[in-house]
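What follows is a single chain, given as structure tokens, in the form predicted alone.
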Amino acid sequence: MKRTILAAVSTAALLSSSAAYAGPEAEVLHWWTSGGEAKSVAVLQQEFADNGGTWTDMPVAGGGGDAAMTALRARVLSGNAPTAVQLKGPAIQEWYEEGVLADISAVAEAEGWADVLPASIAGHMKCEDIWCAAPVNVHRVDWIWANAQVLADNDIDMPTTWDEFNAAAQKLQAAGVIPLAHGGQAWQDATVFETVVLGLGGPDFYQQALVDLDPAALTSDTMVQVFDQMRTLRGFVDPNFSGRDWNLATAMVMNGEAAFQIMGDWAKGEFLAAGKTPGQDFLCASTPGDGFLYNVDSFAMFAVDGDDKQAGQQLLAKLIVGPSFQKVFNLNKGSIPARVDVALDEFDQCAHLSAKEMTSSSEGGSLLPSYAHGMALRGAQSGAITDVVTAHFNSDMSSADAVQMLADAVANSY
């Protein structure tokens, strides 16, 4: 489809022509509906209103965003795209290729985004040579969360290897505690899977298997071991996990019903929203192994008609990457700012650990995009992998059969 990219209009020009329109407007499609997430998006709504904007909220429940993407496609196909949409990774470029994204380069250049965003993150926000999305944060995916009291009561330390995790889980199971809080949804299965790939195979193997889709890596003995560990983890999950939302699994850790959860640091937002203190009520650590899997939330601006909506896009983009919102939002959300110049003085110990390890991983070449959260692969390839992971997790399929199915699914996804 021929690109119909919206011409960039400077924020100053738009906001000075108030006589021509009622003011900046934005209809925002997102999937931030849980406690910590809803509190976070409310921060942006308030800042938008404080700057004269009118916000129309379009939340679509579903932690992985699948339902939101279905709603988005219906809106775009009907010729009625939202003003701004929570979108990330290769999906941004896919929508750009359909000719429906707006150019927000005027804001990016006026605000100096290139100087305050890490190059790898800035790369996700660009479509060819234009800025087409605004980053909100950096989430780390490969976290393990624990109930501090449950571990203390059972004389268990935070595991640093998968063997240690398995031993701790067996001990907890014998004590009548659910070792692993998990929700039986495809994206949650994929989240656990990619942390195991990184932990058992290492950063280079992760890159080969889940970014490059190297057939040799996908069919390797290491991948067999990954599925073996996934089968072991399945044994540590309670029988009522099917269909459980991720934040309900987090609540199981909060209330001591379960000991651990493997989930990105949006889980920390739930703990904090419930008044829990890191290091005291709950513990955080990277999942066993080296590396850092990132998931960057961002908003893409869709081509829309009307000065009001275009002004809304420009204002929204400016606020999203502004230092004030980056700080306040990420304090609520559990993530760390996408900007590198935001002081972390008010952030908790988990955020400091995340920022420190993001820097060291970046320097060491082990800062890697999350496949499970749409940062590494396009939809067809990502979906093919997740289908196999979920099929294996919810059946008695052997690891060898899963590896062969994985290689075939990826090969057939192009």
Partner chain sequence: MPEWLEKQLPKLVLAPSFIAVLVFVYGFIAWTGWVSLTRSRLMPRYEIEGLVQYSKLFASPRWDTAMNNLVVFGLLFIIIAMVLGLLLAILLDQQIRTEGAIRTIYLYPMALSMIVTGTAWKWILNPGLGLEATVRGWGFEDFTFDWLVNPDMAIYTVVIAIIWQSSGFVMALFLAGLRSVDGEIIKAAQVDGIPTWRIYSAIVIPSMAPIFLSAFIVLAHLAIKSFDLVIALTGGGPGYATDLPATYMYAMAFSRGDLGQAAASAMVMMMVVFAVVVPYLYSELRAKND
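Positions refer to the first chain, counted from 1. Every value quoted in this text rests on a predicted model; they were computed, and no experiment measured them.
Below: the form predicted together with its partner chain, not depicted.
Undergrad: Could you spot which one of S242, N80, Q280, N154 gets a heavy atom to within 4.5 Å of its partner chain in the predicted bound form?
TA: None of the others qualify; the residue that does is S242.
Undergrad: Though its partner chain is not shown, can you say which of D204, E98, E128, D115 has a heavy atom within 4.5 Å of it in the predicted bound form?
TA: Of the candidates D204, E98, E128, D115, E98 is the one lying within 4.5 Å of its partner chain in the predicted bound form.
Undergrad: Quick one: is G52 in contact with its partner chain in the predicted bound form, heavy atoms, 4.5 Å cut-off?
TA: No, G52 sits far enough from its partner chain in the predicted bound form that none of its heavy atoms falls within 4.5 Å.
Undergrad: Flag A380 as yes or no: does it have a non-hydrogen atom within 4.5 angstroms of any non-hydrogen atom of its partner chain in the predicted bound form?
TA: A380: yes, in contact with its partner chain in the predicted bound form.
Undergrad: Is E164 one of the residues lying within 4.5 Å of its partner chain in the predicted bound form, judged by heavy atom distances?
TA: E164 lies outside the contact set for its partner chain.
Undergrad: Is E27 a contact residue for its partner chain in the predicted bound form, using a 4.5 Å heavy atom cut-off?
TA: It does not: once its partner chain is placed as it appears in the predicted bound form, E27 has no heavy atom within 4.5 Å of it.
Undergrad: I need the one stretch from 89 to 97, 143 to 151, 165 to 173, 336 to 344 whose residues put non-hydrogen atoms within 4.5 angstroms of its partner chain in the predicted bound form.
TA: Selected stretch: 89 to 97.
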